[in-house]
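Shown here is one chain on its own, the form predicted alone, set out as structure tokens.
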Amino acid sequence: MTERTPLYAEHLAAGAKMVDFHGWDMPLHYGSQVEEHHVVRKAAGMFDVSHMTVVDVDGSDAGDWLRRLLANDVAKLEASGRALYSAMLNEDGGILDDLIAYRRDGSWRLVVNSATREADLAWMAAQRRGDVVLTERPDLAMIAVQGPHALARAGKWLGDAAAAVQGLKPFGFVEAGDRFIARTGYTGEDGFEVILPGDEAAAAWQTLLAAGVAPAGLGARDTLRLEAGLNLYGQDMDETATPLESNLAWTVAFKPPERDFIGRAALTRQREQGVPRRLVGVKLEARGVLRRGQQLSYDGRVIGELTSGAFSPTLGAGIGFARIAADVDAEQLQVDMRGKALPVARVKLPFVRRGEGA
């Protein structure tokens, strides 16, 4: 039996094609995945991300506990109203999940992936030390409003909070009444994500819809995040890969050296011995679509495979991420596509920055 978000009826009313996404009934698209992709790049679109898991963390030891739990260091957040992105690792340095941690007044909030919800909650509970209280918040909904016109079109709905949201830097947030509004997203575009009571989500959705914010589904969300060079948990990273092998070294805070976060020893060894493989961006230089699992080769040697792949609506070409042997520096590679070796070029991520090819 799949679960439904508070916006399920809104999706059906908009003609969404619904699919089972990790146990949730979610919209794949509302008629055209490509059009939804373009509207986010050029104007404003909104996504129901209420399937994500919100966990509030309270207690006098919460900050110290998070400094041990996460590879990034929440001590960087010197005041409330700021957030950071981090991986949560096992002792071997493998990625259990990626998440965002928000520092509030006297407490913290985490948003983790729906696919890893049960495992994440169990891991957090097992690692808990001291005065730490974890509270899952299934009563909340979450809407991501993304695109170059997102803030302008959402201005009426934001109301008195509009100026404060407009003034936020990336990964900043404000709390306006029962709305938690953060300048975060998964598309590479401007915009915000709002966490709000589930019983208020449908009204918010309708107000945003009336303001010209178009609904967008999981299909567009995937091509947008891929163009933006953003990893997807379960494909581009998982327990078998470390952040250093997943283009996420920037999310690991090795300083100060005395912070003993889970997985630190394994990552330190890997840094000293050399990372055996790396995650890179590739662009197909022929007609076709790159797909997860396709093998890459160089000079007759298989060097890795695609972890994600799709047709980029913005670039009009096949793009993807590939985990390859770290000793390969060549810029021109080949992909095995149904028995044919086609050329791909390694490219610097992101593929697209603010609607334009990077």
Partner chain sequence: MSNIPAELRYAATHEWARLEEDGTVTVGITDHAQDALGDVVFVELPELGIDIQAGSEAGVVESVKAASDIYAPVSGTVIAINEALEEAPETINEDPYGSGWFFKLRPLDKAELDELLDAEGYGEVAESESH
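Numbering follows the first chain given and starts at 1. What you see is a predicted model, and the numbers here were worked out from it, not measured in a lab.
There is also a form predicted in complex with its partner chain; it is not shown, and the following applies to it.
- Proximity to its partner chain in the model of the complex, defined as a heavy atom within 4.5 Å, holds among 76, 287, 169, 129 only for 287.
- Three-residue candidate spot 291, 311 and 340; every residue lies within 4.5 angstroms of its partner chain in the model of the complex by at least one non-hydrogen atom.
- Contact with its partner chain in the model of the complex, judged as any non-hydrogen atom within 4.5 angstroms, is confined among 25-33, 54-62, 299-307, 328-336 to 25-33.
- Its partner chain is not shown here, and in the model of the complex it never comes within 4.5 Å of any heavy atom of residue 346.
- Contacts to its partner chain in the model of the complex (heavy atom within 4.5 Å) from stretch 1-27: 17 only.
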